[in-house]
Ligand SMILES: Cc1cc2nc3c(=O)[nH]c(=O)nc-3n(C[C@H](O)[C@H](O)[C@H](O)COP(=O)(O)OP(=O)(O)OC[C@H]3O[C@@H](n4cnc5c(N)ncnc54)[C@H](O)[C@@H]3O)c2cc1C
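In the block that follows, a single chain appears as structure tokens, in the form predicted alone.
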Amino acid sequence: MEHFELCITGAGVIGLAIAERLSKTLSAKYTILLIDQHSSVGQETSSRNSEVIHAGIYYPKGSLKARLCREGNALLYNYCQQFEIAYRQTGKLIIAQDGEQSSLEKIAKQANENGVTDLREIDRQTLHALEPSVTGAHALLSPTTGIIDSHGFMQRLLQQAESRGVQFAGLTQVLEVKRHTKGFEVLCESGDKNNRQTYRFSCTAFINAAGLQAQQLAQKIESLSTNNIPQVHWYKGSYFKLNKRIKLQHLVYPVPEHSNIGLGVHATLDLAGGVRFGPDVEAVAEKDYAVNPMRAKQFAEAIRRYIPGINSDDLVPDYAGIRPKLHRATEPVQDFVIQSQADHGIAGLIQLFGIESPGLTASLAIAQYVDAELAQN
């Protein structure tokens, strides 16, 4: 039976970042297998988001989301510069309408508590000078928010990891994970739908970075208590493209919704300067990436709060993604969950649950965190 020092399940941006980090910090003799159910990397949540580099503004003080987003922001910009990954530090405007000034003040206070100290409050006149198409009474400017080519980033992570010996196995699904004298014994099924074969190997350490399927994978791990598997709630977010020209230089966000699920339908830019809006929030039980064109009317109503003159006819369905949240809209916001032996009592096992936004921004910092946790196991 073939043996690897480490198996990482899930080749989204988190699994890729972990593989790249560990291939760099650990011995060349430390064999790493990275597996994913899809044929190529980053086919789910990692490639179906706003591609925003977040600053770390909204998250609860002391949370992993706040800390790892702030650390990841700097790491991500540095990585993009080092490896020539396309990005743009656009800055972000958080728009408050009349009567929403107190909400803006709370956001500024939260950001400061999280160590994001570069926000600048601007008035109506300054906002109009920066973005003539945008209407608001006040705004906060976040200069370190930006956008990234997430696909280029993930491909570079894979390239770097593979150059140091990491083996990537696509079209591979874990069937069971048993305890073994060498750590774990993993039974997989690999290949396309017409030629599926089982494959068994052992590994010293096992990382569950399976994203939407993290809870499902955890249930296949022998001796893991169900108390260590948090409940997941899938929320679909759809995006629409703007089919008329509006000149925007910044990302534009409204004051967040009162629910604990999303930041509201906001305007983002792609690296070519195109404008898209999203995501909205829709609870789903199954994967469904189709964008319902009938949602354009709701989008237009939300967008007109800060960009007047947008009608449903101006919006074209673009794409959708699903977020693995650990709470419902009516429940308190939950943090990232990164479990190690201290949490579940199983040596060599690290699990990541609820890695939604700002997971892309935090990915390199999450990889550093997992590296430190693995060293203690």
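The first residue of the sequence shown is number 1, and the count goes up from there. Given the structure is predicted, the values throughout are model-derived calculations rather than measurements.
The same protein also exists as the form predicted together with the ligand; that form is not shown, yet it is the one meant from here on.
Asker: Would you mind picking the one in Q97, Q173, Q155, N292 that has a heavy atom within 4.5 Å of the ligand in the predicted bound form?
Answerer: After the contact test, the surviving option is Q173.
Asker: The ligand isn't shown here, but in the predicted bound form which of T31, S63, S312, Q37 has a heavy atom within 4.5 Å of it?
Answerer: Of the candidates T31, S63, S312, Q37, Q37 is the one lying within 4.5 Å of the ligand in the predicted bound form.
Asker: Residue-level contact is defined here as any heavy atom of the residue lying within 4.5 Å of the ligand in the predicted bound form; does G72 satisfy this criterion?
Answerer: G72: no, not in contact with the ligand in the predicted bound form.
Asker: Taking heavy atoms and a 4.5 Å cut-off, does Q213 contact the ligand in the predicted bound form?
Answerer: Residue-level check for Q213: yes, a contact with the ligand.
Asker: Taking heavy atoms only, is I207 within 4.5 angstroms of the ligand in the predicted bound form?
Answerer: Outside the cut-off, so no.
Asker: Please determine whether I338 contacts the ligand in the predicted bound form, using a 4.5 Å cut-off between heavy atoms.
Answerer: Flag for I338 set to no.
Asker: Given the stretches 327 to 335, 51 to 59, 343 to 351, 304 to 312, which is the single one in contact with the ligand in the predicted bound form, using a heavy atom cutoff of 4.5 Å?
Answerer: Partner-contacting stretch among the options: 51 to 59.
Asker: Using the arrangement in the predicted bound form, list in sequence order the residues of 343 to 365 with any heavy atom within 4.5 angstroms of the ligand.
Answerer: Heavy-atom contacts within 4.5 Å come from I355, E356, S357, P358, G359, L360, T361.
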